[in-house]
Structure formats: structure tokens, C-alpha cells
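Here's a solo chain for you in C-alpha cells, the form predicted on its own.
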């Protein structure tokens, strides 16, 4: 796997789908190309006084819509190829779920665990300064977000640095995934994982499709394995677990565990917080290594870690009937073909993990509109519902308790509206690509690419770039 090129893998999937579209070769090449690639290097003064050179990237894949949008990851795996591939996937992902952004991605090549909080803050602020100086950040230009190794804290540092450099009225919209007190939005933290759940739930709700792979309709009672209990993996697992699915396997960096009888997710998280590992958890079998559980018996496998986890080496051993790609690029092209030909349903990353960018879009709208979702209508809705309920009481013998009135007359607050918008987006988008899958007799990944290419190609043709 040493010659693995992530961007090449993305483009191979693109080319496969492009054959089903009407567009000129030149236009298709433009759709694939990264419009702008920034590689920066800057010095960091460590806490001990030594100087270290830090490498970072930001890629803007497509300017067909602005701003461009994509996360920033902190990892030793960060390089130009990976960042270009992830930026391209962001473009296609945004198109699939009808979020009006171009795709972008950023990253800093560091092992986060080896730096103090003060050092991480200096790295983040200097990276932001470099992005600002090169016009690679701004609410109308390029809007970063959290990714692997980053979170609300880093996004807060980015916003604070941007505010010091710019007098932009809509400065809060320069980055999403921020803390609530800095203009963040309720529901953003769990958005990607919850979107994964909504996508899997919608797929499982299709009785005809489930029958094809030998499963009953619905998520309740289905067994699942999760790889990675980070932000995305945990919330995907938690939502499935709460919906009645049975967690039977977990993989983390330190190893993997399996139990046919099921694993209590809440108890496992408490154990991990105390011990620092998942291995040795009561009632489970600790397997050979972190990759072993991927080959276990289960209905649903959710790779929610990094790319290239399902590959030519383990594809023939994957037994799951549904693969829910919560991570970016977790399945190589060769592995995809092997698993698909075995009859599994692969729900692709360029649709399934779009929950994060969907809710980031809502946060960005909130920031540039300067008003919280639900602020204008929540109380009006509650008063209207109470009037309707009082009419029902007047014309019937039904009397509602205070507790019932509180539930039934609840207006839509920010979190409710965000969750509703996310759910609708994931359901609508799944049905779009599933319809394309059946029309062309292709897999869901190819269908999602066809969907994205058609939307992007139509925009480019209307822009008149090609005669």
C-alpha cells in the first residue's frame, strides 16, 4: 500500500461515474482539478526554547461556488496528496447534499499528543495568520471547520486570530464548529455522527433494498461494529445504539474488542475514560490487533477513523452486509469492488459523512445573518400550539396535563431546527442517489458521484467557461 495515492483513488471513482454523464472531457478535467493549493512552512518556538519548522497545507478544490468549505486536521498523515483528495471529496459531498459551497481542506503535519496546549495555540494562530495573508480564509472566501485532531477549541483560536487581523462585519462566519459563546451552533458537535445515523437508518428503512442483502427492514436488532470512537464514531454509534441496534465490536488505536452478546456503549465509554483503553472491557474478547474486529460477523460495519482502512489486504475477509463510511475515503477502489461484488451495500463517504458540512452551513448562515435559529418564531409557535390544544380541550373531554402541554406545544428552538434540517437533508439526498443507483444499475458511490458531476457540470456550463 506504499504507492497508495488518495487523490488518484478519488479521481478513479470520479472517472467511473463521469462515463454516465453527458459532459465534455475538458469540462470533466476542470471539475477534477484543484483550483488552488497552498503549502506553508513556519517556525514554532517550543516551550523548551527550541525551534521547529511546522508544515501545513490548505487546498481550495473548486471555486464554482464561494466560499469554499472544509475542515482542518492535525495528523502526521497530513500531506499535499491527502489534502487535495479531501478537498475534492468536499466539493462532491457539498453537491450531493445541495450545500452551496466549493470544496476545500486543510491540515498541519503534527502529532498533536507531542505538543502542549500553549504550543498548539501558537501553531493554530500562526497557521491562521498564514491563511489570512494568502487570502485562504474569510466568510466569503474559505471557511475552515474541525476535522481529525481538531475541535471547537482550535476553531475558537482561529476566529480570535482572524478578528485581530480583519474588520470584517461577518467575521464570525470565517470558521465553523466554534464554541457556542463564539457564534457556534447547537448540534454541530454531533452533526457528522448523527448524519451517519440518519443515512444508515434511511437505507435500512428500504424493505426492498434490505431484502436484496438478506436483512429485515429497520435498524433495530441489527448488529454493528464501529471503528473509531472519536467525535464522529461515538455519535454514530450512540444514535444507532439508542435506536435499538446492537454494538458487537469496537476498534481503536490500542486494539479491538468483540462480543456476540452485545457491548454496553455507555459502560464502555466510562471504562475507556478510566483506563485509557477499550481492551480488556468486561464481557468482551480482546482481539489480535485494531484491525481484527473489522472482519467480525455483523450486519453493519462503520469505519469512522482514517482513510484506506478497508483495502486489498482485508477486503475478502469483510463479512458485514452494510458498510457505512463515516470516515473520508476508508475504502480503496479495489476493496470497494471486492466488497460490492460479494453483495454488500456500501453507503459511501461522499454522502454519508456530509452531516458535518450540512450543519456547518447552518452555522455559517447564522453567523452572516446575525440571528439565532428559532429566535423569531419559537415563542409564536408555542402560543399557536397552545391555542390549538385549548380548542381541542373545549370541543372534547380531553384535558392536557402541564407536562403534556409542555411537550405538545414546544416550539422549534435552534437545536430542534438544526436536527430537523440535517435529517431532511440526509433523507432527501439518500433517496436521490438511490434512485440514480437503480436507473444506471451502479453502486451508491458511483451514483453519488454521478449526482455531484451532473450538478457541478450544469453550473460550469451555465457559467460559460467552456464555449
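Keep in mind that what you see is a predicted model, and the values were worked out from it rather than measured. Residue numbers count along the first chain shown, from 1.
There is another form of the same protein, the form predicted together with a small molecule; it is not shown, and what comes next is about it.
In the model of the complex, segment of 144-152, 240-248, 165-173, 254-262 with a heavy atom within 4.5 Å of the small molecule: It is 144-152 that comes within 4.5 Å of the partner.
Does at least one non-hydrogen atom of residue 61 fall within 4.5 angstroms of the small molecule in the model of the complex? No.
So in the model of the complex, does residue 296 come within 4.5 Å of the small molecule, heavy atom to heavy atom? No - in the model of the complex, heavy atoms of residue 296 and the small molecule never come within 4.5 Å of each other.
Closest heavy atom of residue 330 to the small molecule in the model of the complex, within 4.5 Å or not? No, residue 330 is distant from the partner.
Residue 195 within 4.5 Å of the small molecule in the model of the complex, heavy atoms: Judged by the heavy-atom cut-off of 4.5 Å, residue 195 is well away from the small molecule in the model of the complex.
In the model of the complex, which of the listed residues (284, 367, 353, 128) lies with a heavy atom within 4.5 Å of the small molecule? None of the others qualify; the residue that does is 353.
Note which of 357, 137, 278, 305 lies within 4.5 Å of the small molecule in the model of the complex, where distance is taken over heavy atoms; exactly one does. Exactly one listed residue reaches within 4.5 Å, namely 357.
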